[in-house]
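Just the one chain here, laid out as structure tokens, in the form predicted on its own.
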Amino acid sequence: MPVNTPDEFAAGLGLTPTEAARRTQIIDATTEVVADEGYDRASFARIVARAGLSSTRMISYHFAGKAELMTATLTALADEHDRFVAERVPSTGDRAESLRWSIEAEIAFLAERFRQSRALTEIARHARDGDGARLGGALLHDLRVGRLERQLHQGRQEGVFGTFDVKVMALAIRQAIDGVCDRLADEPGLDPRTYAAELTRLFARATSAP
């Protein structure tokens, strides 16, 4: 999925370079606060302190409220994730290879972009709009399981994968990947490449055709 560059994004919002830079600064500080302190403690006051800004009004100038700020942060994190994974998953290869590369890339993102991964997970779990609906519902579904479901479905159609419930398998893969983030928090010395190798072997067996 193509994503906008920061300059294209700023131009689309009609922002000046200074405004775009300030917006990015706020989003980066929000990511750090959510990753380090959790979604519920990510107040404007803490974000302002982390960004080194003088007043919460500087956030309010760019974002109408916490929901809008978290939506923008979620979108920025999803774009960063997509760029990271796209650089590591070749466009060639069969479905089984693509699944392996995707799992390896997802785990690499968790390891190399740990704070971003933690923030993304926190926002996904806790952020709601004024009506109580999950923020970025469609975006999160596609990011977490939608693409895996399509990949598995296509592999089944092509005879590369065996017979299984695509939704259940996609969710199992996603939850296994998410578990890496929790383990890295408790075990900083965990080797993500070894973990990725174990998971790719596990799901290669689980998805393989008879």
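Heads up: residue numbers just count along the shown sequence, starting at 1. What you see is a predicted model; the values in this text were computed from it and never measured.
The same protein also exists as the form predicted in complex with the DNA; that form is not shown, yet it is the one meant from here on.
Peer 1: Counting only heavy atoms and a 4.5 Å cutoff, which of 170 to 178, 140 to 148, 51 to 59, 28 to 36 contacts the DNA in the model of the complex?
Peer 2: Of the options, only 51 to 59 has residues within 4.5 Å of the partner.
Peer 1: Is residue 19 one of the residues lying within 4.5 Å of the DNA in the model of the complex, judged by heavy atom distances?
Peer 2: Contact check for residue 19: yes, within 4.5 Å of the DNA in the model of the complex.
Peer 1: Evaluate residue 162 for contact with the DNA in the model of the complex, applying a 4.5 angstroms cut-off between non-hydrogen atoms, and reply yes or no.
Peer 2: Result no; residue 162 lies far from the DNA in the model of the complex.
Peer 1: Find out whether any non-hydrogen atom of residue 45 is located within 4.5 angstroms of the DNA in the model of the complex, and reply yes or no.
Peer 2: The answer is yes: residue 45 has a heavy atom within 4.5 Å of the DNA.
Peer 1: Using a 4.5 angstroms cut-off on non-hydrogen atoms, would residue 156 count as touching the DNA in the model of the complex?
Peer 2: Because no heavy atom of residue 156 falls inside 4.5 Å of the DNA in the model of the complex, the answer is no.
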